[in-house]
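Let's start with one chain on its own, the form predicted on its own, as structure tokens.
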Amino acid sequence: MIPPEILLIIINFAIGLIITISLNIEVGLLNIPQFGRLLAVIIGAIVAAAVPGRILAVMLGYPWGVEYADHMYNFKIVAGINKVLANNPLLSIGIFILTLIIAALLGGLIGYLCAYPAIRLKLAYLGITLLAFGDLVVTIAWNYEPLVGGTTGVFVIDPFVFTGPAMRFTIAAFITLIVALALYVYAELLVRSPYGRMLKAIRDSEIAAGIYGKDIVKAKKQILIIGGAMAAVAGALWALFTGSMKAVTYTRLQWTFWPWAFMMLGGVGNNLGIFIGVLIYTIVRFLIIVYKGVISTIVGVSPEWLEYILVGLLIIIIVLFRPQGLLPEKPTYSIPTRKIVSIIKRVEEEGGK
């Protein structure tokens, strides 16, 4: 059996990696001031809490309308659905995949809608607008009870229940990790592709890229769709893993500012640096939570605020002493480096003659 502490590190690392990679695709490749990452994440969580349970409720004859999100009925409905899923592995796997697909589609749609202000607004104005969009969706989910239970929240169906109580959290954590690693590989392929090099060219100089015929508006739309889809998948995975969803628990700090801290720590534009940054921060944060009582007696700070203080201090240190992050972005070449070296040598030899 894997210790629960390790499982917590794995799940938090996997979710953090997906969100930070999605953020890096938008910020690192196109320099979009994405301060509304919470928006796509909570959309994914809402999908996991509201859609698959209602689909199964219709199939099994349970109430699926307003009653589904009512705290008087939700627990009983979800418990009944989970009993069915416990005996149907194929149905569980199918509903899990369907949930991620729907979350990705809606997250991509949100990214597409965010592209319109992204085209018209620059820097701080766009960042504030995206930030407000995220808060707007949280407020709606928090106050409109038929969606996801409002202030009481809802229980989420468990597609991992068929694995049994002993292995449920282990299987769920590793499946989430596999999804995170798959999206990491996708992001790496994207960055190294000709399309990724075009995005970096737009980031470095929109005017020059436009002169060479690159469609800047289309590129921004596509990247916001990709980033939104990935972040929504992370939100859905988190809701499915925890087994519940309450809108107020999805905060800007955890789902926007922390990923920014991960990205700044690892290195903006460098997926490997972000991988390392998220891993380091996840382990350090876990150790702070476990040993915050001991640490607080040494540093004289209340355990309640210790984590936030250290995060803020980390960001300040990075900005002052290592603004490029642990692993700065490396230039990508359209041809192998060895060929570039051979061409330079050949030019030098011909020049000498």
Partner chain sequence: MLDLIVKAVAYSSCIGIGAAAIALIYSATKTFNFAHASLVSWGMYVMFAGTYLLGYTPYLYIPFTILVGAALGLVIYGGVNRWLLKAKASEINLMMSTLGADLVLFGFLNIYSDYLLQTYKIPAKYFVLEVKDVVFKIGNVNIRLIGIIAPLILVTIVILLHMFLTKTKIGIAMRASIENPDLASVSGVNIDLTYVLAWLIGGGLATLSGGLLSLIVTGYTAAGMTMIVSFFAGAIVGGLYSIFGSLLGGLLVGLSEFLGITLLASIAGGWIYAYRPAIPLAALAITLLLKPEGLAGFFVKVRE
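Positions refer to the first chain, counted from 1. As the structure is a computational prediction, the values presented were derived from the model and not from experiment.
As for the form predicted in complex with the partner chain, it is not shown, yet the points below apply to it.
- Shown here without its partner, the chain carries L106, I226 and F241, none of which come within 4.5 Å of the partner chain in the model of the complex through any heavy atom.
- Screening L181, A79, L253, L113 for any heavy atom within 4.5 Å of the partner chain in the model of the complex leaves a single hit, L253.
- This chain lacks the partner; the member of N143, T152, S193, S205 within 4.5 angstroms of the partner chain in the model of the complex by a non-hydrogen atom is N143.
- Taking the partner from the other structure, the partner chain in the model of the complex has a heavy atom within 4.5 Å of a heavy atom of A124.
- Under a 4.5 angstroms non-hydrogen atom cutoff, the partner chain in the model of the complex lacks I97 among its neighbouring residues.
- By the criterion of a heavy atom within 4.5 Å, S296 is excluded from the residues contacting the partner chain in the model of the complex.
- Heavy atoms of F35 reach within 4.5 Å of the partner chain in the model of the complex, making it an interface residue.
- Just one listed stretch, out of 166-174, 242-250, 125-133, 86-94, contacts the partner chain in the model of the complex at the 4.5 Å heavy atom level, and that stretch is 125-133.
- Residues V311, G312, L313, I315, I316, V319, L320, P323 are the ones in 310-329 with at least one heavy atom within 4.5 Å of the partner chain in the model of the complex, listed in sequence order.
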